[in-house]
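The chain below stands alone and is given as structure tokens, in the form predicted alone.
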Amino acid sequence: MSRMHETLELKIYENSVEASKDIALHIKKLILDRQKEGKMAVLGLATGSSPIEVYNELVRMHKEEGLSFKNVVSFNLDEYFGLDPKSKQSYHRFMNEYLFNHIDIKKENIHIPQGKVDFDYVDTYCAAYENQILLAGGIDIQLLGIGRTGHIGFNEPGSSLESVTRMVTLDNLTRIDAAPAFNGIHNVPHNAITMGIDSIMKSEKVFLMAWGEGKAEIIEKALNHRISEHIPASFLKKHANVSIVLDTPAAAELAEVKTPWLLDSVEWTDKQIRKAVVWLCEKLDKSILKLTSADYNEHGMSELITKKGAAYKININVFNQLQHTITGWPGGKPKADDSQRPERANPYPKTSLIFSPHPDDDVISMGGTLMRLVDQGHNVHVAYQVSGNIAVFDDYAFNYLDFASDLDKLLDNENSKLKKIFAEVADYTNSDKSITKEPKSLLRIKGLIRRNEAKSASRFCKIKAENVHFMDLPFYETGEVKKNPLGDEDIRLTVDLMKEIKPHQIFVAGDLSDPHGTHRVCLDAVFKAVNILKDEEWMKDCIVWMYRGAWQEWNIGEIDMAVPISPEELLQKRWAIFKHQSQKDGVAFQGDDNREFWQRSEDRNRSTARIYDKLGMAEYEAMEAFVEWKF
């Protein structure tokens, strides 16, 4: 889907991979055109998760298609001030790892702002960087991501249209978003050197990329609100040649995706009708059965009345659809009419396989449903896809090691291997962690901590010990925030487990906020495994349910199954989450939400129940929601 918004071309793709391939093709054409002309192609490059797939595709084009970068000059947008180029978090290292080390670009043609510039020399250095761009003939194609503050480059709110390359102070939200890579916000630099808005606006062509629902709100503001220094990305509406390239989740708040019926005629499927009616209810603060024909006509939905009949008929239909999503039997109610239920009555009992990306996502996201499945006699398996080791603080893990060392002495043991590990970890904790790689021994200890917490939570939920599976998918085991791409071994491990268990139900984390985040990669692993196995006889009787984690919830119009949770069950779920002590009382990857995971989970579940109540359904304490993935 694409349309023009003022001077902006808006392109919405199903996923970030397809979108990135399209951008890479534009870059390839520029490089080849310049080669024919005997000229240099000047690229403005970005960092962060947004351009990763673009760089992957450019590397592929170089290796498989012979695309040469010898006539390319590059200028990066920004770098953290004070950061050594060898630091794990530096953009120098990022660019080398994702692009420059894999193509034939000349080193002298690479320009990245230096973080280790003497403070008194910064202004002179920034002016020289601007001049280098000018001498290169200006930037032909500029790649941009967008931060949740609306920043492009590190041009935070308050940056003017006339701003040029300079040192800036980072917004606190930007530092929060960067915290995972720095092992905590206290390690994130307060300043950065960035190209300015004016520098960006002089580019011949600009691609602004955004992936995932986490960017949906700021994209809507940047495109639909007035041009303002409060949203630096909004200045791009003044540029003559800009493409806004989004995946569907990042476009979720735009009318093209959220309310397409307000823009043009649409196909009124049952789900589209439900989505539109729920939107109308929320807009008017009415329950479904109180909507009138006038409400539909006055709010851009007269076409629905014309095609589907009177408001009352539509209201009853949508009310019944939503009512039928509610079930206290997530595994299906045995010996009951299942024609109006989200899950089948048979077979009973079912084998349920819950994929949990990290060792606590199962209880955080669907702990009430999980315990309900166990209590109702189903054979429940839980598969923890990754170790989650990097989410354990060093000090927390060191305490365990210190205890093991003291216990060793108490028992009069002389375990030289334990002493060696203790010394290795102690040396690491006292080192400069920005350039020192975390020892594998410490990562193993962290992994064991999370594994044993998961075992404890599983026992609390009464899951059989033999039904708890630790997959340790290889893509995750880098020891750093940056993970490897999903590989064949990850998919093979997933396929083998599914073939072994042969489930009637599969539950997966359907979080789409970060296309390069662990949840999304784990989801892709399951999707690919399902597509490999879809012709197996047992798979023909399998349903895949997607749940969501502590970060977000499904839109009510999307939900296919809603499981009510009583006050007592919600408390039980809280206790299951508490078993993950390393993730309690402040966690490594907190995000911008200061609530603990159990608080986020309970608030989200209560909010879902309140929305159902406001729409006219029965009133429940809380609800866990699921969407069926039809493979």
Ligand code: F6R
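One rule holds for the numbers: they count along the sequence shown, beginning at 1. Everything numeric in this text was worked out from a predicted model, so none of it was measured.
Not on display, but discussed next: the form predicted together with this ligand.
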- Tell me the stretch among 309-317, 436-444, 453-461, 145-153 that has any heavy atom within 4.5 angstroms of this ligand in the model of the complex. 145-153
- Counting non-hydrogen atoms within 4.5 angstroms of this ligand in the model of the complex, say which of E553, D490, D78, D140 makes the cut. D78
- Query: Looking at Q599, S49, Q572, Q35, which has any heavy atom no more than 4.5 Å from this ligand in the model of the complex?
  - Reply: S49
- Query: Using 4.5 Å between non-hydrogen atoms, is Y91 touching this ligand in the model of the complex?
  - Reply: yes
